[in-house]
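Coming up are structure 1 and structure 2: the same protein chain in two forms, each one given alone as structure tokens.
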Structure 1
């Protein structure tokens, strides 16, 4: 995939902006708070997800205005597409001029990987960040995964509500099984797809880490689910039965805690360097290399599964990395369309050819 043009209107501090991108490297530089990340964010919204910066859509609209617009023209391997998003009282999405029933219809249509300073904490933060990393990647790749996540979260919410209500009406206890069947059904689909994804990611991310450290260290990842090692589980049906059993055996504890303590919403990716936990024992440099390996591995997985090269967004992350890691990134992503934001053209960034844009007060110069 290749983005040819991006147009923004009344988007945060950007009144009007129009960019024709290079098919390879694009560098957007400027001082802080000038609008660099706003450009990256607008492209990310075209994936159908909410902003990676958090907050409400209304925060994106320029102060004093009623509407913001994003429009991108891009080319996939088979056709040209124009995607548009308008933000006003609600978010509306258009594809080739046709209003979509929901902005979420963009999910999977616009493959993107993003690497920001926040992702450098992917290793040292809690399991929720690593689950989010998995879910965002898989939702881009599989409509059935998105549907399973949606239905699983609904069943989880209903079971948790029921667990809280049991203190007022113990007769509701028998109805727990209804929601457990739903949790087992959709939870098994989620876990099974995560396991398959991890098998792809494992190979790519290990190769990236080997490249960064010249094979001096051993990097590995493992998906840990349902509080078991899972080595002998080979099918979705086996996962479903195991999840049913664990939900049933955990009822007493769940009633006490008033929450569901087992399931894909509690699972994790364990990352190891030389057989030890990178989160607990890894140095800052090792943790950064591990996070970089996961994100670059994600890029390779998307390309492998979809046969489309995702757009690579690097938001103000290069300054956080030493020259060796910067150089490795550039060599690894040279065959992708890349958009980099940075405060200044220095180090490895300044050595590479591509389109360069300077941004100041929301405008290009």
Structure 2
């Protein structure tokens, strides 16, 4: 996939901007608070997801205005597409000029991977960040995963409502099973796909970490599911049976806590450096390298599975790395279309041929 043009209107501090990207390396450079991350964020929104910065959609509209627009022309291996998002009273998405029933219809259309300082949360924060990482990636890759997530969330909500209602009406107890069967069915699909995904990701990200750290440290990841180590479990059917049993045996506890204590909504990716938790024991630098390895690993998984190269967005990554590591990363991403932001053109960045955009006060200069 290749994005050819981006047009922004009243997007944060950007009144009007029109950029023609190169199909290889693009460098957006400028001082702090000029609008570099805003450009990266706008491209990310075209994936159909919310901003990686958090906050509300309305925060994105330029102060004092009532609408913001993002429009991009891009090319997949088979066709040209114009995607447009408008943010006003609500978010609207248009594909080739036609209004879609929901902006989430963009998910899977515009493959992008992104790494920004906010993504350090992947290592530092709790399990929900890592589940989100898996879900965002897998939803881009697989419509059946999207469907399973939707059905699972619905069943989870229903079972949780029931758990609360049981205190008033204990006769409802047997109804739990109906939702547990649904949770086991869709939960197993989710876990099975996550396990397969992690298998790919493991190889790619360990490889990247080795490259960044010169093999001095051992990086590894593992998907930990249903509170067990997963040994001897291979098929979706086995996962389904296990989840069904665990939901049943957890009922008493779940009734007490009024929530469902087991399932893919509680799973995690454990991340280790030299066999120790990267979250607990990793230094700042190790955590940054670990997060970057997962993100660059994700880029390669998407390419491997879809045969389509995602657009790679790297926000403010290079300044934190020494020249050797910068060089390794440039090498790793050289076959992708990349958009990088930076405050300085020194170091490795200056050595690479790319299209350079200098941004000042929300405009090109």
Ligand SMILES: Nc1ncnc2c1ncn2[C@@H]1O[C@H](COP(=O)(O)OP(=O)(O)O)[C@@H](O)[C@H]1O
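Numbering follows the first chain given and starts at 1. Every value quoted in this text rests on a predicted model; they were computed, and no experiment measured them. Take the two forms, find the largest set of C-alpha atoms that superpose within 1.5 Å, and that set is the rigid core.
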query	finding
Which of the two shown is the form predicted alone	1
Core superposition between structure 1 and structure 2, C-alpha change of residue 30 at least 2 Å	yes
Exceeds or equals 2 Å, Cα of residue 90 between structure 1 and structure 2, core fit	yes
Rigid-core frame, C-alpha of residue 317, shift of 2 angstroms or more between structure 1 and structure 2	yes
Distance the CA of residue 64 travels between structure 1 and structure 2 [rigid core superposed, Å]	3.1
